[in-house]
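Take a look at this single chain in structure tokens; it is the form predicted on its own.
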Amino acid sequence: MSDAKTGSMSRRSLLHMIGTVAGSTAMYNAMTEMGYAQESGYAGPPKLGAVKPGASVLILGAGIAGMVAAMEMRDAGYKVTVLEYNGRPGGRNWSLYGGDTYTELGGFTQHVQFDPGQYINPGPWRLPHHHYGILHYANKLGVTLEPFQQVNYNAYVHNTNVNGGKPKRFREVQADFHGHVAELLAKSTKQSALDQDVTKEDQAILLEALRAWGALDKDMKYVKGRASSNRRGPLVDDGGGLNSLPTYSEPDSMSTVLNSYMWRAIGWGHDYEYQTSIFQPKGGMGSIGKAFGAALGNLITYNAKVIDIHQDDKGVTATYIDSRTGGAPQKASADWCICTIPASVLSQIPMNVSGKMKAAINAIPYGAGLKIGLQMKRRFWEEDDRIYGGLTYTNQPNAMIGYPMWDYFSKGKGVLLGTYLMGAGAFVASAKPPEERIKDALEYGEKVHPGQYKANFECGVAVAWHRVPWTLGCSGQWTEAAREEHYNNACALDGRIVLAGEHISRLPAWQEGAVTSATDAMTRLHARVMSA
């Protein structure tokens, strides 16, 4: 980060260091490479205009992309038919409630036993404020939204090898890291190490900024006192009456902070996708899928497993069977087709498209993901630890704990997100049967909330996305090389078929990618229809 010739730090490097904590940068770069950290290009619902009389479209999949396309094209005047593998709308927009049953590949069946009002979102659970498309449809459909809390300063950061295995508050870790970095930079500034790149006028402003940012004292040091305790929290809060003085807390040393590696956790909330405000649908993310399904009604044929897609110069025909019972194949036909089936599944379905389109479909790998929901009979994280929503991060294989962000202060039960894993860790953890995945999550949680996890646990459910029959993975994971070679071909109209979905977007793994992909696909398809 420094200039090798002068030993000084450039302005760009300086501001980068101030504005970004270590660990967050590496994660953000990786997200950008995979297409996660892109801004939504949604500019409102498509204005399709006039439709040729009798024009029809077959939509494969009633996930978010499929239902956005179905709603807009129906409203424009198309005859719309939707085929959906599941017995419900929404696809990965999915919430599990008490009474639900889910069977994964391998035959493991889980019967969800959550109490009424309790749920887990196995798939998406957040709606960033700048995901304008999915927010538009949530509002259009009358879905009530409530705040989602990504960062809770009173939640924990936990490393089994540090602090005797006891967790520390998020605010303590962040305050100590920022404080020591601010003190270091202030020292460099006062020693004129930045003279070549920061003017004298800027240095004075910078020092004042560092004092405020890092909670430094009058001598520009990060030490025990009112300023640092105001960030990391005092041992005893201010009070009233005679015994009202606070007890200031002692910051950890820079060496302790750095070697704890807890700083890796504090960058999550800085990234664009996780900055407030973030929202969630009241009652579960599946509320959006249910509202879409109610609006589309009998346009959707449920439990329809597509086994063949064929197009010719007159139209497109999909052959399907009952996803529960099999039985005799049935057919659905239309003039045109928008296919939102995940590429992981679509690659296994016969479909007469061009070699370029087929290669593009085959080039999209899907990532593994695992979420585990744990119902507790008491909201001990609120009652005992004063944690209301947000996330705790740990170096254990469960990666994080998510606290329910609804029904605060209720005396009833609550469902924790006990594990949220992506990638190789999800493969390893889900190699076990669901009940063992849950048992592992309890062991990990017990180290963060000792004496509470096992004592309060009632029931749980564990969803491994690479074992979900109708998607075979969490989301499409493009590499830059694959995008360069195949992305435009995946987006292209191939005869009478066009693809849509989160995997056909620059926002994979987000519902906004599904919305913007569907909007783009139907707009281009409509132009083709009108010019045909």
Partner chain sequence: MKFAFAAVVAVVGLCISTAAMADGAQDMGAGAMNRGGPYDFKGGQAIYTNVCQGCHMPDAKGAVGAGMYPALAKNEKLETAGYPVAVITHGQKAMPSFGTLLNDQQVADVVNYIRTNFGNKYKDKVKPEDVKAQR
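From a predicted model like this one, the values you see are computed outputs, not experimental measurements. Positions refer to the first chain, counted from 1.
Note that the form predicted in complex with the partner chain isn't included here; everything after this is about it.
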Check your understanding: Hey, in the model of the complex, does Tyr393 get a heavy atom within 4.5 angstroms of the partner chain?
Key -> yes
**Study point:** Close approach of Gly283 to the partner chain in the model of the complex, 4.5 Å, heavy atom
**Key:** no
Point to revise | Contact flag, Phe427 vs the partner chain in the model of the complex, heavy atom cut 4.5 Å | key: yes
Check your understanding: Is Trp336 a contact residue for the partner chain in the model of the complex, using a 4.5 Å heavy atom cut-off?
Key -> no
**Study point:** Heavy atom distance at most 4.5 Å to the partner chain in the model of the complex, all of Tyr153, Tyr222 and Arg226
**Key:** no
Practice item. May I ask you to choose, among His131, Arg92, His158, Arg379, the residue with a heavy atom within 4.5 Å of the partner chain in the model of the complex? Key: His158
Check your understanding: Exactly one of Arg264, Arg74, Arg171, Lys413 has a non-hydrogen atom within 4.5 Å of the partner chain in the model of the complex; which residue is it?
Key -> Arg264
Review point. Heavy atoms within 4.5 Å of the partner chain in the model of the complex: which of the stretches 45 to 53, 63 to 71, 492 to 500, 467 to 475 has them?
Key: 467 to 475
Point to revise | in the model of the complex: members of 403 to 426 within 4.5 Å of the partner chain, any heavy atom | key: Tyr420, Leu421, Met422, Gly423, Ala424, Gly425
